[in-house]
Ligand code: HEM
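Only one chain is shown below, in C-alpha cells, and it's the form predicted alone.
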Amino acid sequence: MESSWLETRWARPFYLAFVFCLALALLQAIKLYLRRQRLLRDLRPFPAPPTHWFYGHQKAFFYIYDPDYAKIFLNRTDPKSTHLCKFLTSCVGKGLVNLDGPKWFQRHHLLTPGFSFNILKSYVEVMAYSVNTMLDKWEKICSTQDAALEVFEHISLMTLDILMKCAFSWETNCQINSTQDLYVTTMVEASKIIFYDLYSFFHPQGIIFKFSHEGCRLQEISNMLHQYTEKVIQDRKKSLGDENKQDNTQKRNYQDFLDILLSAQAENGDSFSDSDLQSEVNTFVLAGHNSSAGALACLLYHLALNPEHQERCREEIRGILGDGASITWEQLSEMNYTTMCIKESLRLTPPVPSISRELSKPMTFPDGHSLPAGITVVLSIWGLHHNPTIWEHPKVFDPLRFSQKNSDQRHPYSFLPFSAGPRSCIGQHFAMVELKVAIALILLRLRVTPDPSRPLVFLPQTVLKPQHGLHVCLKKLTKC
C-alpha cells in the first residue's frame, strides 16, 4: 500500500503536466484549423490548384499576374518577404534592396543622386572600355574559325568589371584573370550561394541553413566583403582628407558610387554610418552584377534566334556610331529600334522573375476581392509578361510591341522589368545604359547565331540565370 501511495504521489504532477500539454496542443490545433478555414474562405474567390486535405498548399504564396492587381500591390508599403532578404542581409548587410519603412525612404532619398543622368553620362566611357575588353577576348577566340562559345561567364565578369569601376573606380583586371582579386572571387561565390536553388526545401529554414556548409561559407564571405569595403572606404576618406594630395576624384573624369555615398554621409552622418555605407556598396555590386549579366545574356540569345532583328539593330547602330571608335551618351537616345529589342527581351525574360511582399494590412483589388494581412503575395513578373490577355502571341519575339503607338495603348503596369511604384529599381537607368552600350558594341564587331545543340535553359532563381551557360556561335565582322 505504501509503495502504491508513493507511486501515485510522484506520478500525479507528470499526469497533470501531460494533460496540460495535451490541452495546449489541442488548442493550437484548433487555432491552426480555424486559421486554415479563414484562409480558405478568403481565398475562395480566387482560382487555385486543389488543396491537400492536411496541409493545404505546399507553399503559402499567393501569386498575381494581372496589371490591375500589380498596380494595387506595388503602390503599397508592405515589407518585402524575408525569404530572400535574410540571405542578402547575412552577406551584404541592410542595403536599399532589403530595407523597409522609413529607413528605406531615407536611404532611397540619399542614394537617388548617384543615379542621376549627369552621373550616368560619365559612366558610358567606363562601360564601353569594359565591353571592348570582353570583345577583344571573343575576337581572339573566333579569329581563325567561327566559334561556338559559352559566353555567360564572360558577360558576368564584364558586368562585374563595370560595377567595380563605377562603385570603387577599381581596376580589378577580373576579365583577364578573375582569380587575382579577393573581392571579385568572394562576390562571385556569394552570388552562387545566395541565388542558387533559393527555393529548395532547406534554404528557407534559417537554422538548418545557418549550420550547413553553405551557411558557414556565406558567413565567412560576408566577413571578407565587409573587411574589403571597410578598407576601401577608409583609404578613400584618407585620400579625400589629405589636402596636399590630388584625390582620386580629381584624377578621374567621373564620380564613382563611393564618392556619392561619402557625400551623402558627410551631410547625414548621424543617420548614415560606415556600416550602412558598406552595405550599399556591396548591394549595388551584388544585385547589379547578377541582374545585368542575366539581362544581357538573354538579349544576346534572343537576337541570335532572330537574325532579322539582329541585322536591323546592327544597321541602326552603324548609322549612329559608324565604326564604333567611340560612343556617347547622346547617341544612346538615337537607338530606337535597338531599345525596342532590349525591352522585348526584358519582357520575354525579365531578370527578376518575381517580387514578393508580406501584407501588413488587408489588400483589396479593383474587382472587390480582398486578401487578409499576413499573406505573402508574389507578383509574377514572368507571368505578367506572358499573360495572353495583355500580349498577343506572348512567346513570339516582336520588338514592335514597344513602338510608341503600341506602348501608349497598353496598361502602364503590364511591363515591369524594373518593378514600379515607390520601390521601383533605383538602378534601372544604369541598367538600360549598360545594355545599350554593350549590345551596340557587340553587334558592330560580331554576328551572333544560336548553338542548336545547346538551347538556353533557366534556373528557377530569384535572379534569372542560364542553368548550363549561354552557348552561341560568334563570327567576326569585317569592317566596311
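Small disclaimer: the values here were computed from a predicted structure and weren't measured. A residue's number is simply how far along the shown sequence it sits, counting from 1.
One more form of this protein, predicted together with the ligand, exists but is not displayed; see below.
Novice: Would residue 37 count as a contact of the ligand in the model of the complex, using a 4.5 angstroms cut-off between non-hydrogen atoms?
Specialist: Taking the distances in the model of the complex, the answer for residue 37 is no, it never comes within 4.5 Å of the ligand.
Novice: Can residue 291 be called a contact residue for the ligand in the model of the complex at 4.5 Å between heavy atoms?
Specialist: It does: once the ligand is placed as it appears in the model of the complex, residue 291 has a heavy atom within 4.5 Å of it.
Novice: Do residue 430 and the ligand come within 4.5 Å of each other in the model of the complex, heavy atoms counted?
Specialist: Residue 430: contacts the ligand in the model of the complex.
Novice: Does residue 351 reach the ligand in the model of the complex, with heavy atoms at most 4.5 Å apart?
Specialist: Result yes; residue 351 sits at the interface with the ligand in the model of the complex.
Novice: In the model of the complex, which of 25-33, 61-69, 447-455, 414-422 comes within 4.5 Å of the ligand (heavy atoms)?
Specialist: Going by heavy atoms within 4.5 Å, the stretch is 414-422.
Novice: Heavy atom within 4.5 Å of the ligand in the model of the complex: which of 340, 381, 155, 164 fits that? Just give me the one.
Specialist: Selected option: 381.
Novice: Which of 391, 115, 329, 397 has a heavy atom within 4.5 Å of the ligand in the model of the complex?
Specialist: Looking at the other structure, the residue within range turns out to be 115.
Novice: When you measure heavy atoms, are 104, 108 and 284 every one within 4.5 angstroms of the ligand in the model of the complex?
Specialist: Checking in the model of the complex: 104, 108 and 284 are all within 4.5 Å of the ligand.
Novice: Judged by heavy atom distances of 4.5 Å or less, which residues of 355-383 approach the ligand in the model of the complex?
Specialist: Heavy-atom contacts to the ligand in the model of the complex: 355, 357, 381.
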